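One chain comes next, on its own, written out as structure tokens in the form predicted alone.
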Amino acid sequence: MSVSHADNAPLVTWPNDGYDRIPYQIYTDPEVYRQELETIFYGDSWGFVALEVEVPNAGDFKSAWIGERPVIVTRAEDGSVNVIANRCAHRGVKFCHKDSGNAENFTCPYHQWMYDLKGNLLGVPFRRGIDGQGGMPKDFDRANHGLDKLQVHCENGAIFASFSETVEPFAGFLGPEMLGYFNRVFDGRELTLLGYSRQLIPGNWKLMMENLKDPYHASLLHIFLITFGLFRADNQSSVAMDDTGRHACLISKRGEQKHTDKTRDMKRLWEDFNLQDPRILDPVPEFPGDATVVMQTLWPSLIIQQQSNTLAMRQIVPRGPGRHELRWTYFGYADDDEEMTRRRLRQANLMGPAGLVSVDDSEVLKVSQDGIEPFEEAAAVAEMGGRETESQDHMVTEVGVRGFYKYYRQVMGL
């Protein structure tokens, strides 16, 4: 589906035939944003909505979002996981306003229509009227008036949902390499929930996805990563992508806190900087291979964070062309001992709204949007590492950004 005006004139003209130029208009235009919601978020893609550990028991529910649409994840009496639209089938009321809880059913506050945990309509007040007057038509069938039900896939404890009836199976959606990286963290072990954080960032949602596909900035912006060698350009590293370019992983092995011949452009590397409590820098190996960081981005709006031993799902929720919400769900494994749980929580201070690292991203995305909006006729440059869109064995590249827009242009018809 192409993005166009009512007169079929193209709404956005891409600067060239490649993916190394990105028109600012796609970060600001309300019509482009509207089409993104319909085509990307409500189209043929899987959106993360919850971890199964968040709805472990029958009757448990959790509110979530796909795009701007509110949904509810439920655990029904038969143990099944369901995802239903948080929109009454009668008059469109958003009927659930709790983040989570346990319920036998859902009742709309406006006209008391009642639904079970799978979204089926159970009851309609005054359905047969009073004393023969009023009521619903005789051919009214409750089976035809349930809540919108999404397709659901559970992958080793993570729950995904889609509004599309034609979305490809989850394994095909990720592809074998990206599914392998996904199952590196979600390996079948029972998960445990460690907490949440969330923030509202005044920047287009794609800027956040770009940020986690862009290792180039990590060795320049993030003082903490650079100084302690957690993630920087002179580390052993790579950028892996699936065949479409829509999914990617930034992979790195921790280096040392010292200057080398390769760090001359890293002006923020402080060799004499020390921590009063260095335990935040005490990762222990727990995954196959020697990578200490794997940041996986799944189309269209999920970041799976494995930085040292801190694990989190970062879900991007668009809130208009110029802002997005970032929702963090921190987790570990049920068989973690107390020491490992404390380590995960301690290292989580690297991330989150006030994290020693992530706070840099929040600010830079805000000033990015500030610079883009007054100049929407211009375009960004993404040539670092060349113009190709194939996986790379280093981090001095913007190939992940180019891969993202390769697929974005295809889906959006640009």
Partner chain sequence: MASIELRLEIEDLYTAYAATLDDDDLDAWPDLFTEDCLYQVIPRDNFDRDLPLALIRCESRAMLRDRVTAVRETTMFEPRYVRHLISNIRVSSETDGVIEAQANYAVFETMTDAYTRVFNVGRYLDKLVREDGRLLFSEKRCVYDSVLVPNSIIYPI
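Positions refer to the first chain, counted from 1. Predicted, not measured: the structure shown is a model, and the values here were computed from it.
There is another form of the same protein, the form predicted in complex with the partner chain; it is not shown, and what comes next is about it.
Taking non-hydrogen atoms only, Arg387 never approaches the partner chain to within 4.5 angstroms in the model of the complex.
Taking the partner from the other structure, the partner chain in the model of the complex has a heavy atom within 4.5 Å of a heavy atom of Ser362. Taking the partner from the other structure, the partner chain in the model of the complex has no heavy atom within 4.5 Å of any heavy atom of Ile372. In the model of the complex, the partner chain lies within 4.5 Å of some heavy atom of Val367. The stretch among 353-361, 44-52, 65-73, 22-30 whose residues place heavy atoms within 4.5 Å of the partner chain in the model of the complex is 353-361. Contact annotation for the candidate site: Ser100, Glu325 and Arg342 all lie close to the partner chain in the model of the complex (heavy atom within 4.5 Å). Leu194 is the sole member of Cys154, Ala171, Leu194, Leu122 with a non-hydrogen atom within 4.5 Å of the partner chain in the model of the complex. Residue Phe273 is the only one of Phe140, Tyr110, Phe273, Phe126 with a heavy atom lying within 4.5 Å of the partner chain in the model of the complex. In the model of the complex, the residues of 330-349 lying within 4.5 Å of the partner chain by at least one heavy atom are, in order, Tyr330, Arg342, Leu345, Arg346, Ala348, Asn349.
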